[in-house]
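Next comes just one chain, in structure tokens: the form predicted alone.
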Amino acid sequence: MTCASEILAKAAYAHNIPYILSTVGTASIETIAEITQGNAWFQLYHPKEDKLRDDLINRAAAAEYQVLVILSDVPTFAYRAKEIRNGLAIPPKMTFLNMLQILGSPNWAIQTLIAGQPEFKTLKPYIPKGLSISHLGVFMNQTFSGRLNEEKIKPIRDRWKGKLVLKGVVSEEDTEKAIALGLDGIIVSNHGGRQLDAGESTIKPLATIAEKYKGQIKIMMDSGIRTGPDIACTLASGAEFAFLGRSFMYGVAALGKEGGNHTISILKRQFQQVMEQLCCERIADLPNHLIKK
């Protein structure tokens, strides 16, 4: 059974859009590079040890990844009440409701059994052999540190010769730091709103950042984007590219191998409809149609 990372990487490559592989993705750096012929981005969860950091970066470079994304929007693990209630943990906790949901999706259950236990394929060489899933969460906590600063980013900039992007920027101060450090781009992000419920919606700081710093650094955005109109609003507010995650996971969950292509097709059609409704011929003209309060 093909994992979600592979399905989405294939779809992204077919539609000529970038796919970002997470350090904790279910496919390896090398597998995604083969699928996309090197046309992929790698998102680095910052390890506590320099040796592991450098090895991951070297693997991404050897696989000819074009862009390295440094994750900064998970400085600490969030308290996610919904996930706790639904038993989404390492290891997963089975509840009566979960079992009913599984019984209601027999095809998914069978395919999941065939595929076996999901793995963090990129991290597999570094995870101690024989480690039980109940101890995997402890390993992750001991191995990674999400809190970044200039001193942690500088050696990455020195080592990585490709494009370097900082994900998780929501302020002018951090944008200026990214420019000073010689980064090529930023992704305005609050990690899909899963880290801090009281955090500001990303599209609000995006508009301010884009107005002040566009042209000095590539400005992109994710979080809260679900549809074609959402993409149009993001681009109209100053972003040069919009990333989505949850919509694609829903597509794969519903349609399996066809989920990636189907989701992209829906988004393209929705976005095209927005352009047609506005009589907007160029994406660059979208800001002229933005309603400002």
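One-based numbering along the sequence shown. Just so you know, these numbers come straight off a predicted model, no measurement behind them.
Unshown form predicted together with a small molecule; subsequent notes refer to it.
Interface membership of L56, defined by any non-hydrogen atom within 4.5 Å of the small molecule in the predicted complex, is ruled out.
Although the partner is absent here, H191 lies within 4.5 Å of the small molecule in the predicted complex, judged by heavy atoms. When contacts are judged by a 4.5 Å heavy atom cut-off, C280 does not count as touching the small molecule in the predicted complex.
For P229, no non-hydrogen atom is located within 4.5 Å of the small molecule in the predicted complex, even though that partner is not displayed. The partner is not drawn, yet in the predicted complex one stretch among 59-67, 258-266, 39-47, 233-241 has residues with heavy atoms inside 4.5 Å of the small molecule: 39-47. The listed set A207, L71, V170, L123 contains one residue whose heavy atoms approach the small molecule in the predicted complex to within 4.5 Å, identified as L71.
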